[in-house]
Ligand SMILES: Nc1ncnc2c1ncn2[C@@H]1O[C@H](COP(=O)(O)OP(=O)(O)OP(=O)(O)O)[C@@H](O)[C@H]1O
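One chain is shown next in structure tokens, namely the form predicted on its own.
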Amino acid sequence: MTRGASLTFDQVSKSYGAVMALQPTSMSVAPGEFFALLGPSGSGKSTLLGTIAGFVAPSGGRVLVDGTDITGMSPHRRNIGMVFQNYALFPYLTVAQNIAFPLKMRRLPKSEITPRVDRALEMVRLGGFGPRMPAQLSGGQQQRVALARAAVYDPPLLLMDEPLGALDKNLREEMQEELRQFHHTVGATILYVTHDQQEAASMADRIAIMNHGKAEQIGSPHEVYDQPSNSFVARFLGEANMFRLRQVCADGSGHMRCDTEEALSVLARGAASGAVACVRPEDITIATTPTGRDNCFPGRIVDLVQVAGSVRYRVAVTPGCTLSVRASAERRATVLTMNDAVHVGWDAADMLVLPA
């Protein structure tokens, strides 16, 4: 198993004239960690990845791998594996020849190349596929070949730029499991760029949420989801019901009493200086009678969608406030339908006051 490398960004920035694509950014990735850069288009995640690969020259700061400054090093000397969204396989080479390509560039003897290629094919469950051409493979199989090629020379660091973006939903989910197993097998540090929240949350040890060229928050998927640092993070990583606050004051129970612009008075946790409050749809109870929770409001169902294992409701509670509620689709549960009068409720501990 490859020993993963540590990765450090030390005030790395990138500007294109007056446009700041990446604000000064500092963060560290531990050896062997699966670290995801998550954010919308233009957030700086691919720019940051490019500074490691050597495709983007930073305007300032340093990139260090295992403590060595690689900022000015040419890309081919960095010993970093790269997996692209479009696979980047050579169509005129066989699968085995594609995987062998980086080994030939490193002038390894043929006696060493062949067993390495065979090992890489077995690692991605494509044993026996070596003689085939890329056009004879499915999208998922081509992506596995790309993974094998990136790992065949045992780089301590692998960069993946939207590697599953070209696949359909079912294949993406299958390949997420493949990537988890691949990471466990190779042991390398992986830096993974995606705009898909579910993808990052299901695979990464830690996530950096990028926005406008900076990291808004870094933490485990659980930390970032349950303790978002601001409203952008709360909205971007999963669905959230957001309330704009007019007034916040401490409550005698240790919570915040919040008056919202949606004409609701709610109890929440957090700081009195917050500008918004949020509660996740799955933390809201929906019932035909009052819920008995800290915050409880009558409403009416205005939309519902049945999805795998759950029902997603939209409940109007005031003229200016419609809440998203996600409830488990349990057998023999009370069946709620459009226009039903209901009560929705959640505890103060499940509602967080945040900066805007």
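The numbering used is simple: start at 1 and walk along the sequence shown. What you see is a predicted model, and the numbers here were worked out from it, not measured in a lab.
This protein has a second form, the form predicted together with this ligand, left out of what is shown; the following refers to that one.
Only one segment in the set 61 to 69, 316 to 324, 300 to 308, 33 to 41 has residues whose heavy atoms sit within 4.5 Å of this ligand in the model of the complex; it is 33 to 41. In the model of the complex, this ligand lies farther than 4.5 Å from every heavy atom of residue 336. Residue contact check for residue 46: one or more of its heavy atoms lie within 4.5 Å of this ligand in the model of the complex. In the model of the complex, no heavy atom of residue 341 sits within 4.5 Å of this ligand. Residues of 5 to 35 lying near this ligand in the model of the complex, listed in sequence order, are 16, 19, 21, the criterion being any heavy atom within 4.5 Å.
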